[in-house]
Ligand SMILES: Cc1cc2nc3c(=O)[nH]c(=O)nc-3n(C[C@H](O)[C@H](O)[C@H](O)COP(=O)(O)OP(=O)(O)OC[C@H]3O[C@@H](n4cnc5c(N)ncnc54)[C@H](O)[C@@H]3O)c2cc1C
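This document starts with one chain, in the form predicted on its own, laid out as structure tokens.
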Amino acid sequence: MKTAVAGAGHGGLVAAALLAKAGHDVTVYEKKKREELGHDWEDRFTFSLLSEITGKEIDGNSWRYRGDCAFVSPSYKTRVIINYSDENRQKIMERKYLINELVDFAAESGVKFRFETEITGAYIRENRVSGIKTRGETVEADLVIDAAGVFSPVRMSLPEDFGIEKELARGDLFYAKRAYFNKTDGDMPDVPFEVYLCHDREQGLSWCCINEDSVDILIGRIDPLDDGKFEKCAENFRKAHPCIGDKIIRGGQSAVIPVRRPLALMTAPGYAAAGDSAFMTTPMNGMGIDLSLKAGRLLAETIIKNKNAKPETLWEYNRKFHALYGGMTAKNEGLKNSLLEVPGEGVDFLFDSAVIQASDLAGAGAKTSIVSLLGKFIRGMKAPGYFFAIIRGLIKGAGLKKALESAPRDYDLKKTAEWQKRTEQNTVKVTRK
């Protein structure tokens, strides 16, 4: 079976490597040069998952521990501090190390690479995806794995009757800029990693993480960043923490990150999406590496087990992904979107009255539940509108989780279309500007 992988995304590389090891003819088409792959910053994911997939030990120089974390209310009045134990302290890894490990693993497994090859869209023939189009040619393939990112030209060019979402709603994307500044001799804060929710009363967040050798600053919003916003926020952080220098020593890049549930439909005849092209992230924090790695492995294992990439086989991947992981992210999206609907003074209330506590914020809100919030009912009743906005978001998220996890077992276009409508009915819309 000939497989074309569109883009060198994490999930696509994993699927490519495992399929090639099983004897498939696999080529990755990527518009960048190899040395340009990967952001010049660190991210968090499950390191053991990478070792399981590649069979290699992780270089100890490629990662470090992140310090304790303080979530700061919009007014700066309240700080919710998370003190990590040695067992659950976060590890963060260089993105370039990770992507190079995956590219090496894929190449060693027999995957061919075509770098500096820009993909322009899907090649459609007889109502199925039969390959990809690049600037210079049409590449025919039995299967296209879409790992070309949130604005994938493959997904964006699919026929409407495939039913796969192309456009994203406001609040589904996170526009971020991140840079590492030099560190001076100024006083260090008590908690090195600060996360500011509804920062500057805007919908989004910012963070300032003071490391031993640098200061990591990220500014992110659900609307495109205004000119000078990053510089203004960085200067405000600098006033609060004199140890932050004014020289960018690495990073300085912008990124657009999906912060929503994955696509309900992520497969079609001849097509399967993984990673950002299918919006596979944790909505509260935009972390998607774990989900991408798991998706790539699940896709490859499903194809290898069935010995084909028929629509029924790809649907099995689609259904299993949601049963294992997609439902969890849907619940997370309900919480994230309900928080975006609450104005700054409402977020202040939730912090100041201890409706939101460390246990709710740890793990990107994974532990927040209706039951846990109802335990804070009396405190929440001081401002019931804000309190019940979060409750409604969690209820909607729970409904969306249930809907995603109950996908039709068999591949049937009518049933899958009806199922997709049920998932859309349970979403929390972001309407507040």
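Start at 1 and count along the sequence shown; that's the residue number. Just so you know, these numbers come straight off a predicted model, no measurement behind them.
Beyond the structure shown, there is the form predicted in complex with this ligand, which is absent from this document and is the topic of what follows.
Within 4.5 Å of this ligand in the predicted bound form, a heavy atom is found for none of 50, 96 and 262. Remark: of stretches 319 to 327, 78 to 86, 249 to 257, 352 to 360, the one touching this ligand in the predicted bound form is 249 to 257 (heavy atom within 4.5 Å).
Proximity of residue 276 to this ligand in the predicted bound form falls within the 4.5 Å heavy atom cutoff.
For residue 118, a non-hydrogen atom is located within 4.5 Å of this ligand in the predicted bound form, even though that partner is not displayed.
Put simply, residue 283 is far from this ligand in the predicted bound form: not one heavy atom of it is within 4.5 Å.
Interface membership of residue 296, defined by any non-hydrogen atom within 4.5 Å of this ligand in the predicted bound form, is ruled out. Here is the short version: of 171, 153, 269, 192, the single residue with a heavy atom within 4.5 Å of this ligand in the predicted bound form is 153. Contact with this ligand in the predicted bound form, judged by any heavy atom within 4.5 Å, is made by just one of 287, 304, 225, 107: 287.
Of all the residues from 137 to 169, those having a non-hydrogen atom no more than 4.5 Å from this ligand in the predicted bound form are 147, 148, 149, 153.
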